[in-house]
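First comes one chain, alone, set out as structure tokens in the form predicted alone.
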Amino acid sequence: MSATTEAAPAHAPKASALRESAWYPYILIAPSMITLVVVSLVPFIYAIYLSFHQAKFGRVRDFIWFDNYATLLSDERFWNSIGVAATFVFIAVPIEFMLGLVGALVLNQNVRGRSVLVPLLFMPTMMAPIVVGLLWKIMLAGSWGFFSYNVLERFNILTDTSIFASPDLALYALIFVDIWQWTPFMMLAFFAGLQALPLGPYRAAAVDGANPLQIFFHITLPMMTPLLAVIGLLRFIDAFKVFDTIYILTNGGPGTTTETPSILANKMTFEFWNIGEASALAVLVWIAFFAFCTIFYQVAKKRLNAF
């Protein structure tokens, strides 16, 4: 005990000198940066390398410049996957956003049983996408699925088949599952933001006699804008590249009606063994997201003061 007490002052000057060193911040983030480079940057650079080569059946052959990109951009199946993903995102995310915001505002009104309700809302979000896919595959199974039998067949909406086998309804079934899983997450994120807002502006508005709509549009919404922008952007990116749930429920079918870029890239790699074009698809999607996020960041920084 006494030896430890005596040794501490001897190391203190070295520790203090290390913390004051210009290299100290870089030493702290070095493990994270090394992990990021190994598990993310190196595979991405290799994907760029493959996208410029004729890579099929696990063999990398000739350097073919932009041929993979040209082939991909002239393929109707690629543009169909972009359309499917865009439809999925632009229906699911706004609904999740609005339901999440309304739910958060209700939760913020001291609802009875909120301490029990909030943990329960985490359940869909805590489930792995594979589990969510299997759960809804059982619930919506043709004829014998709980939801299919008690709702779809009872009201003659769809009989004798699974909704995931219908070309007209399969994509909307996937959108429904995504809304079921992610609306509680957005609700809880917005609720946490509402709880962190300062009370001063609300007290001043109450003294001035402002009604609830005026308080929402002139106080709550402006102060919540940075959080709403960040959560909306993250959900938009995550919804566009969703893979697990669609793979389990439809695997892009029937036909190509639910085939997103992630599902198409998986088929190109592990069914058609066309690794060069699959890598080109991944790079193109990354470039599109990089451009979108850069523009969004600049707009949010100037107009929304979000970052």
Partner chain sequence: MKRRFWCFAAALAATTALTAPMFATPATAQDTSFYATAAVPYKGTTIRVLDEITPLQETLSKIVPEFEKETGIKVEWELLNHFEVINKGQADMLSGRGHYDAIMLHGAQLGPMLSAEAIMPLDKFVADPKLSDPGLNAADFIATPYKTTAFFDGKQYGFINWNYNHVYWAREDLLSNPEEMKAFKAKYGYDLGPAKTIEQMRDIAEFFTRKKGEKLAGKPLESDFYGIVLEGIKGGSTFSNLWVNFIENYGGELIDDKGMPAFDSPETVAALKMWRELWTFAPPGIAEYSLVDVPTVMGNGIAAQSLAWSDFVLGIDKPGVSPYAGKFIYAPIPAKAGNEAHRHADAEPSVTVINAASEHPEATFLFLEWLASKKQQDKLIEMGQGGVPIRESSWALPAIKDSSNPTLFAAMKSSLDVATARPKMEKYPEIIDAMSGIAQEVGLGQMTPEEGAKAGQAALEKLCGGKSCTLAE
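Owing to the predicted nature of the structure, the values given are computational and were not obtained by experimental measurement. Positions refer to the first chain, counted from 1.
Beyond what is shown, the protein has a form predicted in complex with the partner chain; the following relates to that form.
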remark   = Only one of 263 to 271, 25 to 33, 44 to 52, 237 to 245 has residues with a heavy atom within 4.5 Å of the partner chain in the predicted bound form, and that stretch is 263 to 271
note = From V106, L117, A165, V131: within 4.5 Å of the partner chain in the predicted bound form by heavy atoms is A165
query = Looking at F217, F122, W180, Y149, which has any heavy atom no more than 4.5 Å from the partner chain in the predicted bound form?
reply = Y149
ask   = If you check in the predicted bound form, is A141 within 4.5 Å of the partner chain, heavy atoms only?
value = yes
message = So, R203 and the partner chain: in the predicted bound form, are they within 4.5 Å at any heavy atom pair?
response = no
inquiry  = If we define contact as a non-hydrogen atom of the residue within 4.5 angstroms of the partner, is S40 a contact of the partner chain in the predicted bound form?
reply    = no
query = Going through 23 to 57 from first to last, which residues have a non-hydrogen atom within 4.5 Å of the partner chain in the predicted bound form?
reply = K56, F57
